[in-house]
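Only one chain is shown below, in structure tokens, and it's the form predicted alone.
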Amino acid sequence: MGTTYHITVVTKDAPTPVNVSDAKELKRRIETLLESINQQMSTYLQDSEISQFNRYQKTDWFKVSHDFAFVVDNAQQLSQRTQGAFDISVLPFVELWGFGSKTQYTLPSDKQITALLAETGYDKLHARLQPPALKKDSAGLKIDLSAIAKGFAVDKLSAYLEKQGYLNHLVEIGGEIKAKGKNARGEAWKIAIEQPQQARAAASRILRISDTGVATSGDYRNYYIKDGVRFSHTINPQTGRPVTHKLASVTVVHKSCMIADAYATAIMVMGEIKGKRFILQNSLKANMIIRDADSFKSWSNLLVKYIKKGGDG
């Protein structure tokens, strides 16, 4: 997935006493699970299922693993729910604008963007679960699960830990989080929403969470400036261009980290006005950080049990 992960397990409530060798074995099994998910959904691996599907130039059904089909099927449902703001077929635009494996030094032309719009779109992608397979209507269609696969992996690891009897744990992959039960102090887990700034890491808000997932999408880490214009890595799938609104980051709280992951990306595409309307219409819990001249302002509908402003330690 091209990122880091961090897992905290509270062992004092484990079904049996945990020693060093147990911890090492648990880590080995977790890494085996992560490697399996990578082999299915990572565009960084040339032999992964997703890389093979992206190279596939036919329009018949392409067999994949169940988990891969499950994630794509959910992505398709979320694309419909967000009216195309979330769209995993956006990969060609990510590459075109220089946010893929190759650095972009010249901006794409209108002609290039128009040509790709005809080749992409979630409506040209199909997924089935039995037997698991994917199908594309356009041979050149390619997909990228980076806005949903990390959330899926977080849910998968959390479910595995729970099955092993570790009912109190925190799983984080690339900033996407799932908290179950309580921390070692018997309290709700405490995490921070980062303030969108480059100089130093700082918390905008502190969340206290339990038995839920949290995902954040922002435009303040991955961008470049060309001829004085700032280009974000967040691409609007409907225009094929980087977003230009004032929304700097979105954090979504949802029982499924996979769903929170995708919604956060979709709302980043929508922007502060449409995004806020979507949050309220769909009864989502979210926090938005919006650029306001040389500073930031926040909007949130998170309940007190989820969020507390400031860094009270």
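Position 1 is the first residue in the sequence shown; the rest follow in order. Every value quoted in this text rests on a predicted model; they were computed, and no experiment measured them.
A second form of this protein, the form predicted in complex with a small molecule, is not displayed here; the remarks below concern that form.
This chain is displayed alone, yet in the predicted complex one of V253, I259, I37, V269 has a heavy atom within 4.5 Å of the small molecule; that residue is V269. Contact annotation: of the candidates L161, L141, V71, A147, the single residue with a non-hydrogen atom within 4.5 angstroms of the small molecule in the predicted complex is A147. At least one heavy atom of P237 is located within 4.5 Å of the small molecule in the predicted complex. Although the partner is absent here, I191 sits far enough away that none of its heavy atoms falls within 4.5 Å of the small molecule in the predicted complex.
Residue contact with the small molecule in the predicted complex: L170 places no heavy atom within 4.5 Å of it. Among heavy atoms of S249, none comes within 4.5 Å of the small molecule in the predicted complex. Of the candidate stretches 133 to 141, 180 to 188, 119 to 127, 210 to 218, only 210 to 218 has residues whose heavy atoms lie within 4.5 Å of the small molecule in the predicted complex.
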